[in-house]
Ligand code: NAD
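Shown next as structure tokens: one chain only, the form predicted alone.
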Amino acid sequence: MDLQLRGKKALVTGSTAGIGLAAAIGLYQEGASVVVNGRTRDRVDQAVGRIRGTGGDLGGQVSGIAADLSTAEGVAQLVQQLPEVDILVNNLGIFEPKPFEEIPDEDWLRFFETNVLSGVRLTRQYLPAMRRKDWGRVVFISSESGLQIPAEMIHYGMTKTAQIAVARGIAETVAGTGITVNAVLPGPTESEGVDQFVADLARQQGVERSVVEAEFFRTARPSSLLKRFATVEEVANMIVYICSPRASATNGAALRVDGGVVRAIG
């Protein structure tokens, strides 16, 4: 299926690794002009090189901007270099397991600034041009943790719930236009951070990585139907599709790519 993304300009935040990088690769391979983002020039340049090396043959282009989007200053710096986009994928996010009693105010604010306000600020900047063109795609990468708050990182779950609410609210403001705003909810995914976390646990326990993964799904996510970590490509496939003109009837949705972790039907 041709996703009709040739010539569309897309920004994917936090895209030097993991789901963000996989989404950037997917958009590039569908012919979009993709801008990747990370905090350091080094990481951004490496990601740009990796994407170019995938050999997209539909005329896609790729470039990168280094900016810390967890701050208003970083967002302003990026927007100055990239005044308009057709597609905005708000993927930037951080996570950290920590007992509730040990989460200070500073962590709550840092998680909200990074995971929620980065996307709010960018969407606020890019939405007016999308309105003028009467076309655009905004995607917030939330998580199943926004529906089933993990006891081990409540501050993270809070931000993921907020992203779902923000995406739906913004979608309401563009009703009847060619703009869609959606949230994607990955489940446990084999991203760079998760992979390192699991590898560290396996090393500490002196067992194979597969043992740690099986134990995680037995105890922490027993409702999973997939019974394994999703690949970043599996999540990116959904992101790329809803960025396309083909997904024009999907708007204001919370789209689960969670391997069946969430049991609720609605």
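Residue numbers run from 1 along the displayed sequence. Everything numeric in this text was worked out from a predicted model, so none of it was measured.
The same protein also has a form predicted together with nicotinamide-adenine-dinucleotide, omitted here; what follows describes it.
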Subject >> Listed residue that, although nicotinamide-adenine-dinucleotide is not shown, lies within 4.5 Å of it in the predicted bound form (heavy atoms), from Gln46, Ser33, Ser70, Gln29 >> reply: Ser70
**OP:** Spell out, yes or no, whether the shortest heavy atom distance between Leu117 and nicotinamide-adenine-dinucleotide in the predicted bound form is within 4.5 Å.
**Re:** no
Original post:
Closest heavy atom of Ile19 to nicotinamide-adenine-dinucleotide in the predicted bound form, within 4.5 Å or not?
Top reply: yes
Original post:
Any of the heavy atoms of Val79 lying within 4.5 Å of nicotinamide-adenine-dinucleotide in the predicted bound form?
Top reply: no
Original post:
Can you check whether Val174 is within 4.5 Å of nicotinamide-adenine-dinucleotide in the predicted bound form, heavy atom basis?
Top reply: no
Original post:
Which of these stretches, 122-130, 154-162, 99-107, 79-87, has heavy atoms within 4.5 Å of nicotinamide-adenine-dinucleotide in the predicted bound form?
Top reply: 154-162
Subject >> Those residues of 38-57 which, in the predicted bound form, come within 4.5 Å of nicotinamide-adenine-dinucleotide by heavy atom >> reply: Gly38, Arg39, Arg43
